[in-house]
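There is one chain below, alone, in structure tokens, taken in the form predicted alone.
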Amino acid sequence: MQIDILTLFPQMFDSPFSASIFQRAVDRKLVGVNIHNIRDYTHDKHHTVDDYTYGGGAGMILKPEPIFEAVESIKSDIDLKEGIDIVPVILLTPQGRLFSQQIALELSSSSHLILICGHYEGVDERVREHLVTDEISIGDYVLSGGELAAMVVVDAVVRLLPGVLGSEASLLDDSHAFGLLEYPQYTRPPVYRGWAVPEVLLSGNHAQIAKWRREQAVLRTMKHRPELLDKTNLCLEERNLAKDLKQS
């Protein structure tokens, strides 16, 4: 997968993309990331990327010209090299659809992604209308810019790529992988300060362990994110378990 990110602050991406799982994915050529400074696509001596809003109002908005030219330049290189017709162009904005594990899975099937980090009071509406193919928000709050949101999206997507994680089974156990929060996990020692690991996890009975984990996932989801259960396929026993917890 190739990911191109348009930003006013390219230095913000130096550290997050040069450590841990992500760096290993880059080293193994499972993903490539190019960071583009939007200012490089301006044509005036001051490298102007923003201007006042027509009609008045507080703050500045990003101009359309450098964003269009940056995306078109990236897409022309992609087309030249690989003959790809459609590349998702995603604007990170509070007005976008709320990011989720399902959207991360959807994006992970693309060979290329272009992410535009909004800033200031937003972008010229013509960018939305005629350039981007998708808009994504990582939550109902406002950040100073789209850079942190882009990092979140990229991290969630890249870890879904085949070969990135050491064990593909890790993906199946993640919170939200099947609509539930992850079950409790323990490691050695079996007893710490009087707090013991649940006996079922020490039993070696894999069927019972799987059943316990599923029940705990349901209980944890019911306690912390009950709205998720409405979108999750639960068996009758699991729904009764959630119902009992709700009534208790």
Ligand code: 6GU
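Residue positions are given as counts along the sequence shown, with the first one as 1. Since the structure is predicted, the reported quantities are computational estimates derived from the model, not experimental observations.
One more form of this protein should be noted, the form predicted in complex with 6-chloroguanine, which is absent from this view; the next part is about it.
*Asks:* Out of 123-131, 102-110, 157-165, 86-94, where are the residues with a heavy atom within 4.5 Å of 6-chloroguanine in the predicted complex?
*Replies:* Answer to the contact question: 86-94.
*Asks:* Does any part of A149 reach within 4.5 Å of 6-chloroguanine in the predicted complex? Heavy atoms only, please.
*Replies:* Result yes; A149 sits at the interface with 6-chloroguanine in the predicted complex.
*Asks:* Is the gap between I114 and 6-chloroguanine in the predicted complex 4.5 Å or less for some heavy atom pair?
*Replies:* Because no heavy atom of I114 falls inside 4.5 Å of 6-chloroguanine in the predicted complex, the answer is no.
*Asks:* Looking in the predicted complex, any heavy atom of I138 within 4.5 Å of 6-chloroguanine?
*Replies:* Yes, contact at 4.5 Å.
*Asks:* So in the predicted complex, is 6-chloroguanine close enough to I74 to count as touching (4.5 Å, heavy atoms)?
*Replies:* Outside the cut-off, so no.
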